[in-house]
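Below sits a lone chain in structure tokens, taken as the form predicted on its own.
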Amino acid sequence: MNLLIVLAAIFLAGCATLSPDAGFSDVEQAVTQRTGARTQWVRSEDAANSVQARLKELLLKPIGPPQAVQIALLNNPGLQARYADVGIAEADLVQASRWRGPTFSFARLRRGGETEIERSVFFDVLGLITIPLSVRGEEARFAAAKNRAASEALRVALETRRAWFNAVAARETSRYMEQVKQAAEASAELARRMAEVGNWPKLNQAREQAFYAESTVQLARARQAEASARERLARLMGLWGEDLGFQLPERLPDLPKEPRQLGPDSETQALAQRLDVEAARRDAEALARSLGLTKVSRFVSLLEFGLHRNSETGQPRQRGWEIEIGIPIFDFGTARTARAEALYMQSVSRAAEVAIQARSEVRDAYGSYRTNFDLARHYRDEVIPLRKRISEEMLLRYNGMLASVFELLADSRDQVAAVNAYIEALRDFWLAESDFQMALTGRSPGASTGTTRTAAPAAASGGH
């Protein structure tokens, strides 16, 4: 007994302990490498004050895409909740490395004038033997939890970036719709006055009035779209109260001079860097270790070892040990092993599915990126210059009294509509560019991050 106690003390002295940062530095590094922004798990008042000071600094100037992503990675409440999963996984790992320890029992029985005292101590032999396997399984799950946290951070970064482009584009559209409404109002008023003096047909006046009414509706919708886009950006950045007065630029960034090219190793790069592929691979590794644990434990679980020490009035004390071996008449552990094998093969198939999906998404995201780039460049280099040239010619004709004021106003409306179409094309390009970046380095742009842990065989947790 003394030897077992000494061995247990030595083992307990070597148990793992909780790290100061709960392993979150790996998440920070993965996020910074892929976004260029820093994220932080706020776990203390000092950290919260530091984050608030950084937010105030970022909010002093108009927010661009990098600043919006930085704010979201520091201040998104849902992201902070997901970071807590890393701490939970590390706690499970440390718990798995610790032996449950001996179990003591004490009984005092009386029979007439005799008193019998029974003392027993039992050791969890199964738990002691399977600790290395359990630790390896929890290590894989800990790594998967960090991977999921980093993947969620990238999702928030992507959605924030998309929300920023949508908000700025909506603001530009709203501003141009105001110009359309002003032009329509002036045209309708002029048509009314000319119709009153008999210089303009009633039909044409009604058409100008109808266009003014429609432009009023379109402006209201544009303003609502602008407000909704701004609110979505604020939600992702976790802003409220006085911080909602954040400033945005007046217009979207210009189109790049040349589009990016899809290299021959892009799919390989995606498989090496995407977090969802890495997570699927780690889940398969964890289940493989759990499968080995199940095969070992189905034999070890049949063995129980115990020490006894009994004393009885008037009799010398009894000391001894006890071994209990179960006879598996109905349960040879085949069901548990079959379940573990099925779970493992299921995880392997899912990992292959994720890899194929990653390759396809890279190709699809680049196709969308290139198409939207070509469309935006077409609007910038062809449509907008043509509309500008038409407007200049129309102004010359108006100055030469070869065109009426209504033709000039109609041309102005057409030019604004072309500019709005270019804004939408430029917005779609930046959205596609964000999706392409995420498909290369992070995860599926349209996928959701799972929150459930990898299903493990019952024996992995020491269950019998």
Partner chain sequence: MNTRRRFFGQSAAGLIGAALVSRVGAASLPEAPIRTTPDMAPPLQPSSGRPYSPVVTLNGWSLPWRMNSGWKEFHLVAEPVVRQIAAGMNAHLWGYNGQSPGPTIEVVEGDKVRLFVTNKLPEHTTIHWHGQRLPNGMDGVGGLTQPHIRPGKTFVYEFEAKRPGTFMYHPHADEMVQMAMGMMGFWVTHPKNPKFMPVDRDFVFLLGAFDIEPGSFTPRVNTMLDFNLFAFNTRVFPGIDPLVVRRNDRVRIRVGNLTMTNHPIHLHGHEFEVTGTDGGWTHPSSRWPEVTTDIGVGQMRAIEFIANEPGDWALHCHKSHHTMNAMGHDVPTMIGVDHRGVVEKINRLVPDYMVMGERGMADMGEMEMPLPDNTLPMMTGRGQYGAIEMGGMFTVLKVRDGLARNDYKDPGPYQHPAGTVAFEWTGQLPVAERPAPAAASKMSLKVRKPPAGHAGH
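Numbering follows the first chain given and starts at 1. Treat the numbers as computed from the prediction; the structure is a model and nothing was measured.
The same protein has a further form, the form predicted in complex with its partner chain, not shown here; the description that follows concerns it.
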Only one of Gly113, Gly198, Pro264, Gly241 has a non-hydrogen atom within 4.5 angstroms of its partner chain in the predicted complex; which is it? Gly198
Exactly one residue in Arg363, His378, Lys388, Arg193 has a non-hydrogen atom within 4.5 Å of its partner chain in the predicted complex; which is it? Arg193
Is there a heavy atom of Gln179 lying 4.5 Å or less from a heavy atom of its partner chain in the predicted complex? yes
Evaluate Ser412 for contact with its partner chain in the predicted complex, applying a 4.5 angstroms cut-off between non-hydrogen atoms, and reply yes or no. yes
Is Phe406 one of the residues lying within 4.5 Å of its partner chain in the predicted complex, judged by heavy atom distances? yes
Even though its partner chain is not shown here, does Ser44 get within 4.5 Å of it in the predicted complex, heavy atoms only? no
Any chance Ala48, Leu55 and Glu231 all have a heavy atom within 4.5 Å of its partner chain in the predicted complex? no
Picking from 59-67, 398-406, 423-431, 25-33, which part of the chain touches its partner chain in the predicted complex when contact means heavy atoms within 4.5 Å? 398-406
Could you list which residues of 155-187 come within 4.5 Å of its partner chain in the predicted complex, counting heavy atoms only? Gln179, Gln182, Ala183, Glu185, Ala186
